[in-house]
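Quick setup: the structure tokens below cover two forms of a single protein chain, split into structure 1 and structure 2.
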Structure 1
Amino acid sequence: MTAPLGVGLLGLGTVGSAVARAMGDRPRRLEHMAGRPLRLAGAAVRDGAKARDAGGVSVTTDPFDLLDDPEVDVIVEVIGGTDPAFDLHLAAFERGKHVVTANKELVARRWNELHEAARLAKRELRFEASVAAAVPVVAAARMLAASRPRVVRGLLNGTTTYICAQLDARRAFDEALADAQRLGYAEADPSADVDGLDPAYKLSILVSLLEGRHFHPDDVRRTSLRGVTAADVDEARTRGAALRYLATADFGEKATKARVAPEEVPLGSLEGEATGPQNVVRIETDLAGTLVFSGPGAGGDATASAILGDVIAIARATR
């Protein structure tokens, strides 16, 4: 039998716990799809005393217990942010581990350094879960390498879609945000959602993939969702429209312009009907025309699905 693939989890919050649970509840399916067993070596956390619903995985407060474990082949980083995540990614590559992550901020900000570190280490950096969670848009963007991109447009943040839909139903902004936090959609600091950083990171990753070079998230113009009022929602309705927090990249002849802002979308469109964590991503290119992707873009299980898809791809490629 082929040797198991060892997995070390960095982070055991909403996403990390869902990964650990899924690895615990379907080992035979994972082994069948990976061509070898997947073995979860443990998880690094900040608070070793916290109670968790994570399938009984062993925890450590020292990420180097996993980084230095010779039986760990893949590091799954779901801590979030750039510090200490960036150094932990570099430490993983230095030790010959592959890295899988859902950390869109880190991938968007440190694109060149992370790709270079992976290339030098001859290891994989995979981040399908970083954009639209379960919806395989990172793979799709890679497959569009021959096509010239024209437009990317859609809903890349579940928290703000949820808030917009709750505003439609006349709920208060702060109440809706508190719900999104409780449901596990929001970032640890939810201003990343409502002020547009999170969708800007995701848009930056998609543009970088479609252009084959880094497009920095600071080059995405952001307008916060916080200024939207019930009166704006009502006014949009009179025009047969709904307000949604849209991410858009226009690939012009000379420069790519990218923005995240509240905009009107037709009622009855995929975007107008979206009420919760579902994302909608439209990618228009010269050869492939318009492709539309839609599905769960936030939440533990949806994100674990993409992470484990990446882990399985590494397991198969390294048998």
Structure 2
Amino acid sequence: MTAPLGVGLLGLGTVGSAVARAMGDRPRRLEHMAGRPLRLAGAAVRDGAKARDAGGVSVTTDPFDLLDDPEVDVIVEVIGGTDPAFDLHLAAFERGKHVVTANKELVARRWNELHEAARLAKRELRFEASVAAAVPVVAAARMLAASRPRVVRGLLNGTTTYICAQLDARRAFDEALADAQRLGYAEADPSADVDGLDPAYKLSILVSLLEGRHFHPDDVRRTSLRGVTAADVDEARTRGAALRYLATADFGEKATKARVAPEEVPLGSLEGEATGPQNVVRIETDLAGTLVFSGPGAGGDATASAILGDVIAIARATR
């Protein structure tokens, strides 16, 4: 029998807890798909006394308890941000661990360093969950390596899609944002969403994959959603359109131009009909034509699905 694949979690918030629950609830399914058992060794957290719905996984406040564990083969990082996540990624590679992450900011900003560390360690760096959660757009971008990209365009942030749908219903921006925060779609500080940082990170990752080189998120021009008014929504309606917060990259002959901004979309389109946390991504290429992806781009279970898909891929490749 093939030895189990040991998994260590860094972070046990909404996403980490969903990963832990899924590993506890469906071990046979995961083993069947991975070709070997998956064993959750534990999770590193900041507050070891905090109650969590994470299936009874053992916790530690020292991430090096997992990083230094010889029976941990894969580190799943769901802390977020760049500090201390970047140093923990490097520490994992130095110790011969594969890394799976949902950390869009870290992957977008430290692309070259992370890929080089993985290459030198001869280990996997996988990040399907960093863009659009359960929607497999990272995998699709990898598979389009032979095609020349023309345009990437879509809804990459569920919070702003919800807010835009509320604006369609004649609600004021501040009221819609407050509702999004109450429902858990938006953080107490919503600037990453409504000012475009979150979709810029995701667009940066997709462009980097499609171009085969790092496209820095600072090169994505951002226009905040905060300035959208009821009059803007009404004016779009007169043209049979809705306003949505779109992330777009145009791949020109000499340079790629990328932006995140409120833009008009046809009312009957997938983008125009989107109302909640779902993502919609269109990728236009020369060889493959136009590919369209739509599905849940946020939430613990959806993100856990993508993370575990990456873990399974590593397990199958290392049997």
Ligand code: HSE
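For residue numbers, the reference is structure 1: its sequence is counted from 1. Given the structure is predicted, the values throughout are model-derived calculations rather than measurements. Each form is matched to the other, and the largest set of C-alpha atoms that superpose within 1.5 Å is called the rigid core.
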Please match the form predicted alone to structure 1 or structure 2. 2
Superposed on the rigid core, does the Cα of Glu187 end up 2 angstroms or more away between structure 1 and structure 2? yes
